[in-house]
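Single chain ahead, written as structure tokens, the form predicted alone.
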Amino acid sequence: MSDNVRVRFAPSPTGPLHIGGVRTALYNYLFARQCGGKMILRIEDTDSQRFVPGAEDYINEALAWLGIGIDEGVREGGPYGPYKQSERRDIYRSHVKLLLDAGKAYIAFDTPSELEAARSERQNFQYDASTRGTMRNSLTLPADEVKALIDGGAQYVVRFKVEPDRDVEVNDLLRGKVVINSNVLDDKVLYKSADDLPTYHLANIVDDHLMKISHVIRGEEWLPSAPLHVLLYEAFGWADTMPAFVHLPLLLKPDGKGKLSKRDGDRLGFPVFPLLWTDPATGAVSRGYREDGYLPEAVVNFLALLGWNPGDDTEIMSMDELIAKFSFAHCSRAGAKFAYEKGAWFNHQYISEMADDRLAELFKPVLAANGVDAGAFADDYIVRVVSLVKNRVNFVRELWDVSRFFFVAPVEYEAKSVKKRWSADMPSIMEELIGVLENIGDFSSSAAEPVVLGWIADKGYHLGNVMNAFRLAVVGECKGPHMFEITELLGKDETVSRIRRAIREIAVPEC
């Protein structure tokens, strides 16, 4: 099966890549890699009116960031190029001619106003076997008139000739056999002379066949097009090489009904694009998972489980593990609710398991953004800081809020903690603590902790009150990792200096 498996992800460069499209690309990639096959990226840019500058580069950058590798494409090249449809015009023209010569398609000259008139005269008008005989096309016009119109530069389209009342079978690996009667299909436009480009339906079929695509894995929204594509394969005489179809479930709104949209992200505060996008026409900025601080491996893991499961309760899986476990047998037919909160959970899990030195490198730009020169601290110091606090955050940027005291001594003290923990006798107790700390030779956590706790017990002080006041003086609030791991990292001199400052700065609350 390996060498014969060829899948394609075929986005249109009409804007940023939606997260639903990313999941489609991911499933294609997982299946291809599991089978030892090829992943093709084809740019479907035949809709010249909707082309958006920068969208193609965005698609490539997003897939690269997520680790979805491409074997053949516009950038990668390959034996079946070009991989951009606007560069394949000659190929499409020749295939349009094949259909016309075989009587499987016809030329239609109906103007927009004529089509509108037909719709107004006939309820639920559809350009098909029941109406094509009343319209201006090569089936109703004399051949010499058709030629004269074309020679005179009249604009036209080529329509596929759908035979009426035929049950068309679509065999879907996820949904089984789907049967649709051809009477519900219209004679789709395959080619437009106005821009000398095919429509999606023709280009899609021709390219899938010529690029030897074995499996068409795409969103559920394309299922209604599948019967037409089956008929086109047959019309070209390619039925024996028709790819297997897989129509994936939709990504649904987190709340309510319907397909996930950008408006849902704007309304609920989460991105629906992999990378930040700036609209070249309006300048409007849309958030991206990368810029919002998500790790690519967390996004991949999160998306993989929206419509698929590994057959057990496993949730955290690397790309290699996803490849090994992936199966259409465990894909859902129903739409998947986009539980965006789970994305942050996955990010937390990956940060918690990340190597401390890698996380420290990711944290350095955050330090710089908060006015801290990371170069003033040893790399090992930053590594040890992140190791103490990484289990407390969902995003790298949040490391600052839980570790700032390791880099900047507090100048303010959290009011509620002061009121609760800094009693009238606390300054004198803290002076005693300074003496205890200064006499400790080994300032490691394991050595210093029993000394301080022993002193508190010997003096009969309240453990919670003293330790929280100690933390308040050093950290600025009663939060953070284990107190003696903090003091070990800060060192004796810095710890004592902070306690002295707290004694000077914190006013004893009035009763």
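A residue's number is simply how far along the shown sequence it sits, counting from 1. On a predicted model such as this, the values are computed, not experimentally measured, just so you know.
Only in words, not in the display: the form predicted in complex with ligand GLU, which the text now covers.
J.: Based on heavy atom distances of 4.5 Å or less, which listed stretch (136-144, 99-107, 168-176, 196-204) is in contact with ligand GLU in the predicted complex?
T.: Partner-contacting stretch among the options: 196-204.
J.: Of 44, 61, 485, 477, which one comes within 4.5 Å of ligand GLU in the predicted complex, counting heavy atoms only?
T.: Selected residue: 44.
J.: Which of these residues, 421, 161, 132, 218, gets a heavy atom within 4.5 Å of ligand GLU in the predicted complex?
T.: Only one listed residue qualifies here, and that residue is 218.
J.: Is there a heavy atom of residue 502 no more than 4.5 Å from a heavy atom of ligand GLU in the predicted complex?
T.: Although ligand GLU is absent here, residue 502 would stay clear of it in the predicted complex, with no heavy atoms inside 4.5 Å.
J.: Does at least one non-hydrogen atom of residue 222 fall within 4.5 angstroms of ligand GLU in the predicted complex?
T.: Close contact exists here: in the predicted complex, residue 222 approaches ligand GLU to within 4.5 Å, heavy atoms only.
J.: Could you confirm whether residue 490 comes within 4.5 Å of ligand GLU in the predicted complex, counting heavy atoms only?
T.: No, residue 490 stays farther than 4.5 Å from ligand GLU in the predicted complex.
J.: With the partner left out here, check for me: in the predicted complex, does some heavy atom of residue 20 sit within 4.5 Å of ligand GLU?
T.: Residue 20: no contact with ligand GLU in the predicted complex.
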